[in-house]
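Here's a solo chain for you in structure tokens, the form predicted alone.
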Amino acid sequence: MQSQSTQSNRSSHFSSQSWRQNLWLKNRDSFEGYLFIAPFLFVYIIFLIYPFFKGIWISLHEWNLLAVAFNPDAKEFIGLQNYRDMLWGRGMTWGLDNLLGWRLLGLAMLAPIWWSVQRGALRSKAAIWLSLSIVLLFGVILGIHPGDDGRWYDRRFWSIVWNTLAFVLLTVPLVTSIGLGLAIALNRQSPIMALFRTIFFLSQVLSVTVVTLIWQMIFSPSQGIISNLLQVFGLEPITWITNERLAMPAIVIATVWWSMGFAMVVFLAGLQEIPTERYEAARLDGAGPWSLLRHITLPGIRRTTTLVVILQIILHFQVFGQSHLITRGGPNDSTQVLVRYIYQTAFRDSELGYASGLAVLLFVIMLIFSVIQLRLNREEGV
């Protein structure tokens, strides 16, 4: 009996040991893979994931940067108040006499709605829903207004959001189209084409400080290249940087010149993945340059185009250096952008909680635009 139990214990020991070995052999590649990516995951979590959630946590506080630096307990949890002040307002109240004329005019719309019900032109159920909506809008919502010490939403914030959106809507299509045009023109194997690729990509390797210094000199009304050319033709110099209408186009021009090299290189990589047999077969069928571009080139680089557009959206929503160094956000906030506003709110005004809320909202805006771009391309079958 003892020998049989000993043998059974040994067999169970060997079977468990064999099971562990099989498990190790089966998952060895996975374990080794996790070990290889562990350093990256550690850095990614420490420097990206943790600061992201820390920023959300800070945005829920009244967090004065200098006060908390000397006293960690100086912060105060206020929940969503920073977001409410940003998007809705502060010190809001309700008054019966606020916009009274407009509200009475809106409530008067109830009479024709129920008159239509009496005539049979409108169903009672629809009339009830319309009436409730009118009462809610004109009777309740329009009565809300800021009190004596209150204000509506952060109006400067929304004008800055519009500046940032205008900058992105101008730069992303320009960078994408110019980068694609350069890539198509330079997609040939020759030493001169390699030289031109290098020349067009050189701007990408420059720092934002160097780029802004170059374009400050170009846009200078006294000694800039553009002003000198205009004077040759007897025209007056243009004050790019101090003109509210021209300051943003000036920043857009500098940014497009700086960013088109990266888009060109990515498009070149995408173009070189298209098999040359497709072009040869299309030429044999009599296809011209426009048909080749429309039916072979553009469909062949859809994924590349999506990548370039999304990267440009993310990068240009985070524009800071051009606005900060060329125009200082002026004149009259015409070139003020979100990242610079966040920077000023956090480090000049010491309102770190409100600045973190602005940063979270910037992330949401970038996420929405990226998701829209991905959805549009998915619907096209990319």
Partner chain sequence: MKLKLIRIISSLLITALLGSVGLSQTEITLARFLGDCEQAGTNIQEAVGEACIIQSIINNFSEQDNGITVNTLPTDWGNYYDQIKAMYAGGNAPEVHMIHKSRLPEFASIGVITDLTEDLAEIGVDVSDWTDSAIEAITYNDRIYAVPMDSHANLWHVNLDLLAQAGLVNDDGTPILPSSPEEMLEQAKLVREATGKDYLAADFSQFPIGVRLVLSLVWQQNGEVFTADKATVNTPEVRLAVETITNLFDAGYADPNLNYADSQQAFLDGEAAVLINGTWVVDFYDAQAKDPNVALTNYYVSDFPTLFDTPATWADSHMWAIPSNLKRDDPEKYQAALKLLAWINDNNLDWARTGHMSVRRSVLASEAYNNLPHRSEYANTTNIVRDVLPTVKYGAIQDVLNRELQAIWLTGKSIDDALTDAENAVQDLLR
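Quick caveat: nothing in here was measured; it's all calculated off a predicted structure. Positions refer to the first chain, counted from 1.
The form predicted together with its partner chain exists for this protein as well; it is not shown, and the discussion that follows is about that form.
Taking non-hydrogen atoms only, Ile49 never approaches its partner chain to within 4.5 angstroms in the model of the complex. Contact check for Arg328: a heavy atom falls within 4.5 Å of its partner chain in the model of the complex. Residue contact check for His324: one or more of its heavy atoms lie within 4.5 Å of its partner chain in the model of the complex. Though the partner is left out of this view, Tyr343 does reach within 4.5 Å of its partner chain in the model of the complex, counting heavy atoms only. Contact annotation: its partner chain lies within 4.5 Å of heavy atoms from the stretch 332 to 340 in the model of the complex, the single such stretch among 310 to 318, 332 to 340, 30 to 38, 53 to 61. Though its partner chain is absent from this view, in the model of the complex it lies within 4.5 Å of a heavy atom of just one residue from Gln189, Gln223, Thr198, Ser124, which is Gln223.
Contacts with its partner chain in the model of the complex, taken as any heavy atom within 4.5 Å, map within 50 to 67 to Asn64, Leu65, Leu66, Ala67.
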